[in-house]
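Quick setup: the structure tokens below cover two forms of a single protein chain, split into structure 1 and structure 2.
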Structure 1
Amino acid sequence: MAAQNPYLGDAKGIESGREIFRIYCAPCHGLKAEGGRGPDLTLGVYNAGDTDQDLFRVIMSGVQGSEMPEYSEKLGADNTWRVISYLRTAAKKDTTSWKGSAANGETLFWDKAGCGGCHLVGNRGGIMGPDLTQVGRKRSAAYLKASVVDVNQDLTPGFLTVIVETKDGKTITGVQRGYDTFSAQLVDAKGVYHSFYKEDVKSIKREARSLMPSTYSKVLTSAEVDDLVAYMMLLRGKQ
């Protein structure tokens, strides 16, 4: 592995990296690297480390236990460096502070807003929604604010709503944990895990909507939403 990125600041290398990114990386990280199924890569900070060498290792070898595969055979070293060069130009790391109060946001998160009932932060919270332990390293403040005030604007992949009607007339609604031709797995509002074979129930349907309350823009003031976002921006987990 090269000690330094040979394409850093190279206009042709950066443009080539952008084209490669759109083919291989955009399906998970978005066309402009602003996130989707995978994290927002324009923040300039990354879970696996922030140096070019860290990014090279992750792209080439993947991340065990995650959805990030290895690209050593598909890209090779040169194209991986080109992608990294593009990411450096796409990064728009914001050094300004978010206007909200993180301290008040933390109180809101666990109390009035009730976010901890569904979201895990470290070892505390629920498991129904996405784990937010490192959300400050993965999402921009603008993305987080939009997720609070318009919950269905950009659903996190893998967290769709699943509704099961059993043969004895019961309806069980929860967040998708697995879904295929023959079965479905979900977690309900109490954090209980369920698994069903389609042949054993009356119906199973999946809907592209979130079970997160859509009333935060009414329940919380604009200032409180900013405070909540300020707290989430500090959630960076262990590095």
Structure 2
Amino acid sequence: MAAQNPYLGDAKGIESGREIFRIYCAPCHGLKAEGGRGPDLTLGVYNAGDTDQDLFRVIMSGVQGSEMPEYSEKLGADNTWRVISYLRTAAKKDTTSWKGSAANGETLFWDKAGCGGCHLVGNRGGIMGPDLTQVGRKRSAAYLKASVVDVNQDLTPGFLTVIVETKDGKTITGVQRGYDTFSAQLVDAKGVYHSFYKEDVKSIKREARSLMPSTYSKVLTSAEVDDLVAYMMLLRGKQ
């Protein structure tokens, strides 16, 4: 028998839940829980399940293989229930869906905008950028939009740019796949994997900037960007 939430509808519990949320959760889910790097939590529907017990489980244990940490030690059961009571009050009654057309977005993604050249969806697409198979459940619409129109704003962790200059003067640029004292591995925009020993090359530089093209805000109309976001919001598949 799962525990019941002792703070449901309790004004003090909700207020302290809000404070805890601002400290621990807002950096990823936004100050009002409307999402950011993490998903919007005000929609009232969750992948993890919609009961208080489902939310309790996901907050206490985190989501393995994602950026969602586990809070069983940091918060403990009592504070987790307070946060859940707060989330229940933050949930919107009517959820307006994202305005774009997902069908147009899908066509753009694979054709004109060339996103599929660097991103996997299921087993289709390129491998230089992050796998987007589940991006619609991981990220909010606002974050996805910023990813397209303002690429350097919030770099996906683990996607550093590596620039290698070889001794015969060639430059190879790609996304880091490995890096240690002696060597570096990267994947270039064609999806080709490279591995170098530091002693064999002239220089290896790493930069915290994105290799995703920064021109989309100019070459796509804002309606097209909305369509792409609508398409990505539907990417909730299993990996």
Ligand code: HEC
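All residue numbers here refer to structure 1's sequence, counted from 1. Because the structure is a prediction, the values reported are computed rather than measured. Rigid core: the largest C-alpha set superposing within 1.5 Å between the two forms.
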- Item | Identity of the form predicted in complex with heme C, given as 1 or 2 | 2
- residue 172: with the rigid core matched between structure 1 and structure 2, does its Cα shift 2 Å or more? no
- Message: Would residue 55 count as moving between structure 1 and structure 2, using a Cα shift of 2 angstroms or more after superposing the core as the test?
- Response: yes
- So, does residue 33 move by 2 Å or more at the CA between structure 1 and structure 2, with the core held fixed? yes
- Message: Please give the CA displacement of residue 86 between structure 1 and structure 2, in Å, after core superposition.
- Response: 7.8
